[in-house]
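Given next, in structure tokens, is a single chain: the form predicted on its own.
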């Protein structure tokens, strides 16, 4: 997950806990021959929460978390330093397992800093989605990790606004009105006439377009490539801001998220299961209830103009770990333990990386997501997952994507002209990646 930038602190935060969590998972191994500290690197606390609830830590082992914010490559920088020092690090300071996103996972799978998990005992991928295994494999097909989730994404729409703008909130009818970008743009104009926003951020649709590119951000000759799909997004963002169909707020900014609250004006958000579960704070959860901003039930889910997926969190095995058995046990638990995977759906609103468990909930007429007015989102995601392909990924994806949004919005806000915005973007990439060739 793809996932959310968690700005807990600008500095590294290290948290520790020992002993057991709430529910035994898949047995756990004796700790005698293993290291006494299991060290996990992550960029937010999403998986930490799942781990603490659903994994039983073997007796005698302490789990230590190092959490570093993701933005501007901070997490990668801290992780890279730790991995480079892995060989000389004290046993209790070694990295055992670390998390990675789709935007930069290939950097680690194709490095010496990760290891073959099949050799550790993770061998059953019969229920996982193929793209999650492909994404965690190096160029030779050696599998270096697993994902605990699958991340097909859709268009999350506000039912009450859809009723006012479209005359319906039924998912099938809404999808028919929003199944192409031309239709989406037309509905944006209708929504604006009634005082609504089509999206809450100029970047809301970015991931849909970027996930449907035909070329990587950087080609084999190290040239930056702005794919036609990205150009289309920039044209749409410019048009939406000009016509007040959206805001110039960033996708994670409080201003954008506030529009998901009970009195918010935004009709559409885009994302996978983790987005509304983990990201739409003003719309859902105990805090929203306390603050009177809860909009639970006033949302629906459809595919939208284009099929896409967004993010995902992979657990990678660090080379040099002194806890190989626990690495395997954690990974096997989160992809193959039926009870744990069921809890992720029922209690955490996730779409898991276990096809059999997902299919069970998709076929259950009694199952529905309260956020979505009782709609069975697992059933829709089960269908959308068939479209996911992991392709055109490079080591540069995170900063190429984030950097473009950061510098292009300066133009959208009227702070610079478009040419200057793009020059600033190229300068940023030149500083981050000196070997990448950008336009003159």
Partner chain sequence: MKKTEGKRRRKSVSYSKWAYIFIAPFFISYIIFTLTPQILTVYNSFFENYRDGLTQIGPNFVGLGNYQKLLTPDSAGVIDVLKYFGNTMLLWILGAVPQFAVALLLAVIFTSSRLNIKGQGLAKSIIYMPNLIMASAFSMLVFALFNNIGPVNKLLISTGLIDKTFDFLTVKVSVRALIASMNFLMWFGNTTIVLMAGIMGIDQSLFESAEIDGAGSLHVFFDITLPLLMPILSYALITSLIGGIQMFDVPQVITAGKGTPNMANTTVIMMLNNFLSISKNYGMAGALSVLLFIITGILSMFVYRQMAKQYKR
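Positions refer to the first chain, counted from 1. Because the structure is predicted, anything quoted here is derived from the model rather than measured.
The same protein also exists as the form predicted together with the partner chain; that form is not shown, yet it is the one meant from here on.
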For residue 93, is any heavy atom within 4.5 Å of the partner chain in the model of the complex, or not?
no
Spell out, yes or no, whether the shortest heavy atom distance between residue 415 and the partner chain in the model of the complex is within 4.5 Å.
yes
Distance check, residue 289 to the partner chain in the model of the complex, heavy atom within 4.5 Å:
no
With the partner left out here, check for me: in the model of the complex, does some heavy atom of residue 368 sit within 4.5 Å of the partner chain?
no
Though the partner chain is not shown, can you say which of 89, 119, 190, 84 has a heavy atom within 4.5 Å of it in the model of the complex?
84
Go through 408, 396, 41, 51 and name the one with a heavy atom inside 4.5 Å of the partner chain in the model of the complex.
396
Of these, 381 to 389, 41 to 49, 60 to 68, 398 to 406, which stretch puts a heavy atom within 4.5 angstroms of the partner chain in the model of the complex?
398 to 406
Candidate spot 107, 424 and 427, all three in 4.5 Å heavy atom range of the partner chain in the model of the complex?
yes
Need the contact residues for 255 to 283: heavy atom within 4.5 Å of the partner chain in the model of the complex, sequence order, or none if there are none.
255, 258
